[in-house]
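What follows is one chain in structure tokens, specifically the form predicted alone.
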């Protein structure tokens, strides 16, 4: 079943019975693929008793998810190691598709707490955080001396930038009806002190939720700081608006930082910084958690060998190499004091760590994808003024709770909670 690149074993002698073959469909393209190949080649030299075979898979998350589901639902023992999106772990764990990793005694206290929480189901760890991604607020350092601490400060500074500096937009974010809208809303929601789920109970329509969605809508229609066109925007449309000097603020992911440092393409190079999204009184600055994790197929023929690979790839030195080669953020907070990381990342590590420490996982539930699809529809209806925020969130909450109850994950159900 091995369809991909067979990695050289390097030095050392394989056992007489032949090495254990471990398959791994990790990212194989571009700089990320190059870093992974180098690391696996070094691993092969250290462990000649294990042969790692890379399998090609789509880079698009939805296509990779579909392929994984096909393999695992069929009971395949191959691939042995899976690279998971942060919201997939509880789904795969609840389905019995991936291994409980507590048997290997991973040092979970060495990772950012939010990354561990996102990979647990019913208190057990099912994947190891590989690299982390977070939502953040980009702000223009040539227009203000500090980032806004509250949503009111954000609206005021954005309005001033439009009125006094002639900027086209005050703030840009991702408002199209897709997962990105849910991540933006989750940051406003946390900033107002709310959450989407509380165990098996949907709480998105709480007063905090209504205030959060109302604030987003007010930014478009009342304050005029967010363009109505943002309701069709994804990450790149937002980046181009900010990069072209048209906006004072942008909510986006870390990938945009280095791209906008290119003076040949960016009008704001050297004139921006990042911070957490602001908060209202009673809330806390919140950063949506993203990133990748490594899990082991529950039907793997070689779970111990697979764990050896996972443990190696998530060591500090491998994370530092990924930061150098790809610019990905380590999931180990101790590395943010390393001078090497400062040389590797475009974003100053202290700023990045401060944001990551405010990271909040999206609801850790096996049916997150379905819940998100429901929520996206009602969020977008409210932002396009088809419904009032309270009515939209009440409808979303009813539909989401019905789904949880139907699959036994509602409050009091056999699968509720973590």
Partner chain sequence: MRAGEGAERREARLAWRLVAPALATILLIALFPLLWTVWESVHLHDLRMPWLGRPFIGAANYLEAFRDARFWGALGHTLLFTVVTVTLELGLGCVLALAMNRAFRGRAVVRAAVLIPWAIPTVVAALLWRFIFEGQTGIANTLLVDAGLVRDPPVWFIHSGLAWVPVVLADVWKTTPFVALLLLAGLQNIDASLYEAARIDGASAWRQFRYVTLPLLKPAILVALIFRTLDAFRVFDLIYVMTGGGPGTSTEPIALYTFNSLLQNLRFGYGSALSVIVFLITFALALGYIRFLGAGLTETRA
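Residue numbers count along the first chain shown, from 1. This structure is a prediction, so every number in the text was calculated from the model and none was measured.
From this point on, the text means the form predicted together with its partner chain, which you will not see here.
Practice prompt. Identify which of 272, 111, 97, 131 has a heavy atom within 4.5 Å of its partner chain in the model of the complex; exactly one of them does.
Written response: Only one listed residue qualifies here, and that residue is 97.
Worksheet item: Using a 4.5 Å cut on heavy atoms, which of 214, 150, 228, 77 is close to its partner chain in the model of the complex?
Response: Of the candidates 214, 150, 228, 77, 228 is the one lying within 4.5 Å of its partner chain in the model of the complex.
Practice prompt. Classify residue 381 as contacting or not contacting its partner chain in the model of the complex by the rule of any non-hydrogen atom within 4.5 angstroms, answering yes or no.
Written response: Output for residue 381 is yes: heavy atoms within 4.5 Å of its partner chain.
Worksheet item: Does residue 33 reach its partner chain in the model of the complex if we count a contact as any heavy atom within 4.5 Å?
Response: Residue 33 lies outside the contact set for its partner chain.
Worksheet entry | Interface membership of residue 65, its partner chain in the model of the complex, 4.5 Å heavy atom rule | Answer yes; at least one heavy atom of residue 65 falls within 4.5 Å of its partner chain in the model of the complex.
Worksheet item: Though only this chain appears here, would residue 232 touch its partner chain in the model of the complex if you measure heavy atom gaps against 4.5 Å?
Response: Because a heavy atom of residue 232 falls inside 4.5 Å of its partner chain in the model of the complex, the answer is yes.
Worksheet entry | Every residue of 177, 370 and 377 near its partner chain in the model of the complex, heavy atom within 4.5 Å | Yes: each residue has a heavy atom within 4.5 Å of the partner.
Worksheet item: Out of the stretches listed (52-60, 33-41, 66-74, 346-354), which one is close to its partner chain in the model of the complex, meaning heavy atoms within 4.5 Å?
Response: In short, 66-74.
Worksheet entry | Residues within 4.5 Å of its partner chain in the model of the complex, restricted to 238-270 and counted by heavy atom | Not one residue comes within 4.5 Å of the partner.
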